[in-house]
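Given next, in C-alpha cells, is a single chain: the form predicted on its own.
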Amino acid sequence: MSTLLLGGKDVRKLLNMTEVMEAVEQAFRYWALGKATMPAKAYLVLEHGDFRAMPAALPGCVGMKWVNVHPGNPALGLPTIMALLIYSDPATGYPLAVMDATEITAYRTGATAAIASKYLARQDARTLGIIGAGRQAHTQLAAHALVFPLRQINVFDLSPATTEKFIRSFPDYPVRGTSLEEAAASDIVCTVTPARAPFLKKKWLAPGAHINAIGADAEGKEELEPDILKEAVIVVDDLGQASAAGEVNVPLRKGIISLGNIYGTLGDIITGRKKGRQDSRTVTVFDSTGVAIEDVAVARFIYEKAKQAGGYPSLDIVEG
C-alpha cells in the first residue's frame, strides 16, 4: 500500500460544495445515531495563536486534523487558518492519505452553516448577512446560495479593502458592502470574526432571523450580545465543545444562560428527534464550533476521488 499526498491544489480540484454538504449532513446523522466516534478537540495555546487536534471516526473511515488559528497571519501573507489531515484505514491503521485540509476546513464550515440554515431559517429567507469578509465568508455564501434563492447579500468587514475583495470575488451574485447594522438585519446572519467581545446587538435583528455564529471557536471568544441568546432557540454542533469553546461558552460561565437554554444539537434536528424552525418570528442561533466528523466525512470523498483520478504523489510507508 502507499499513502497519497494531496496538496492544496490537489484538494481544491476535488472539492465540490454540493458533495461537501451531503457528506457533512450524513456525518451529523451518524453522530446523532451513535454511529460515529469523536473525542473532544484538544487545544494547544501559544503566544501568537493556537493549534487544535481533531480526531474522528465514521463508518468505514477515520482521520485526524491538525489545524491552527493565528489571527496575525494575514499581515505576514499567510492564512489565519491552515490545516493538515491524516486519513487512515480503520481496519489496519494504515495512513491512506495525508492531505492539505485548509480548504476542507473552509468548505465544511460553510456547508455546516448552510445545513443549519436549511433547518432553522425561515423558508422565505432571501437576504444573507455576512459579518467578517475573510476566507470563511466565501464558503458561507457559496453554500447558502445552494439552499436559498438569495435576493441580496449584505457584507460588512472592519476592512473596506477586504469587503471590496469579497464583492469582486462574486460578480454574479447580488453582493453589496453595508454597515454592520444592515448586515445584521438580514434574514440569515453569518458571523465569521475572531471577536472576543460581543458586537451583534439584539435590536438590529429582524423578526425570525437565523444566526450562524461561526467565529467563537475557542474559550473566551464571543460575537453575540448575550440578550440574543437568552431568548433565542439555540442549536449547537456538539454540546460539550460548544459549552467549552463556542458562542455559548462565556454566557454559560457567567450564568447569563444555562444548559437549559440550549434546545439541542444539529444532529437532533437532522434526524428529526427535535423540530427545526416552528414559527416565523423566533430568532434561532446555530453555535458552530467546527467538529472533526465534518472534516473526516469530506476527507473520505476527497480520498476516493483522488484514487479514481490517479496521478497523485505517494509515499510507501511500509517499505520506508
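Predicted model, so just to flag it, every value in this text is computed and none were measured. All residue numbers are counted from 1 along the displayed sequence.
Not on display, but discussed next: the form predicted in complex with a small molecule.
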{"property": "The small molecule contact at G208 in the model of the complex, heavy atom, 4.5 Å", "result": "no"}
{"property": "Residue contact check: T105 to the small molecule in the model of the complex, 4.5 Å heavy atom", "result": "yes"}
{"property": "Distance check, Q136 to the small molecule in the model of the complex, heavy atom within 4.5 Å", "result": "yes"}
{"property": "Any non-hydrogen atom of P74 within 4.5 angstroms of the small molecule in the model of the complex", "result": "yes"}
{"property": "L141, L224, A97, I81 - the one with a heavy atom within 4.5 Å of the small molecule in the model of the complex", "result": "I81"}
{"property": "One residue of P174, P90, P194, G240 in contact with the small molecule, assessed in the model of the complex (non-hydrogen atom, 4.5 angstroms)", "result": "P194"}
{"property": "Residue stretch of 32-40, 261-269, 248-256, 286-294 approaching the small molecule in the model of the complex, non-hydrogen atom distance within 4.5 Å", "result": "286-294"}
